[in-house]
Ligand SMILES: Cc1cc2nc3c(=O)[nH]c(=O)nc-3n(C[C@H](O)[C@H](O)[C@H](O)COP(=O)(O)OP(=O)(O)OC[C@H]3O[C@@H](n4cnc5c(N)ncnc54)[C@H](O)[C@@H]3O)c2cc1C
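Presented below, as structure tokens, is a lone chain in the form predicted alone.
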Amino acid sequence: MAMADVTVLGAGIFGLSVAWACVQRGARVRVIDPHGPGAGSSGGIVGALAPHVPEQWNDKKAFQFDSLMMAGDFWAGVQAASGLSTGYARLGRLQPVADGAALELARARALSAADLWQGQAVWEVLRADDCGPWVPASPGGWVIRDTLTARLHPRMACAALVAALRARGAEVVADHAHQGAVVHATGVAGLAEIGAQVGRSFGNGVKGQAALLALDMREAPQLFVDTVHVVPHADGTVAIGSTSERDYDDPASTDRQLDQVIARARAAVPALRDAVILERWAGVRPRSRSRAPVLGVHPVFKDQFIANGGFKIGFGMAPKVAQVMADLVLNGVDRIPTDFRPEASL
């Protein structure tokens, strides 16, 4: 590539997705990351594309809903271009209902979902006995089932994005001069860089720990039980996560906190009790001060752009993030919600 129209700094999920959206519109794109693709939290193992609850609707929830509805076509396009599986499937999610008050709330949310999700997905309350052996124990015998939740394998998805970009003539490299429009998708380091420039916190890293178990439930829905995500993957593994740690010494170590997550999952889901642990993982996820993704014109670097702060929902937000950032960078069209703009975190 002689000259790039767009340079994306950072090969995590936001950087790769924005690059892909720009390539699909005919732009010449170069992605630069000295650590390699998916080297940060985007190289994790959980991959739960789960919606916020359907109530108290706001721009963030509406944006996430749009993105989750876009995800099937987005990842199918990546898979077609790359020839690689992303592990994406929209198989829904089951959540046990704790007590009578939770049951009443779940039924109210079912009514909200019927309106807010526009008939494109369902949130419903079912008898646990009607949901098969994979469903976790439920104190009152009821579970919530939603059909909006999907899953992918983060590492497979990042690898497929890189292959799709290269198949379309884009570059993914460790170092190069910046050319064309510059998009900063640099995760925790990028948030810290802005904080240092403006003299106050713009965001921080939040550590998460997760585990990968050997159990083939690839056609089963996700579970959310006792604050733990249980995500069956397409490769015959099940991911369990995660912790949320503001204070930590070693960003890459696992400890008793992960042991507790695994124990809670095994206690709630009998099928997991004898499954072999294949991997223990830890990483640090970028959370902006506003707790929303940060998209738009970069708050420090003049005439450059930012896509950061995916935190726990980066993969679920990525299709829509990619769309609105490509609109802005290539066409000057700004469709970014007010709560997502950098000013919200300053």
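Note that residue numbering follows the sequence shown and begins at 1. All values reported here derive from a predicted model rather than from experimental measurement.
FYI, the form predicted together with the ligand isn't displayed, but the following is about it.
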Q: Could you work out which of 136, 87, 208, 221 is the residue within 4.5 angstroms of the ligand in the predicted bound form, going by heavy atoms?
A: 208
Q: Work out which of 39, 27, 69, 297 lies within 4.5 Å of the ligand in the predicted bound form, going by heavy atoms.
A: 39
**Q.** Site check 63, 291 and 293: each within 4.5 Å of the ligand in the predicted bound form by heavy atom
**A.** no
Q. Given that the partner is absent here, does residue 328 sit within 4.5 Å of the ligand in the predicted bound form, heavy atoms only?
A. no
Q: Give a yes or no for residue 35: in the predicted bound form, does one of its heavy atoms lie within 4.5 Å of a heavy atom belonging to the ligand?
A: yes
Q) Does residue 285 reach the ligand in the predicted bound form if we count a contact as any heavy atom within 4.5 Å? A) yes
**Q.** Any non-hydrogen atom of residue 312 within 4.5 angstroms of the ligand in the predicted bound form
**A.** yes
Q: Choose one stretch from 113-121, 159-167, 74-82, 184-192: the one whose residues place a heavy atom within 4.5 angstroms of the ligand in the predicted bound form.
A: 184-192
(Q) Can you list, in sequence order, the residues from 242-262 that come within 4.5 Å of the ligand in the predicted bound form, counting heavy atoms only? (A) 242
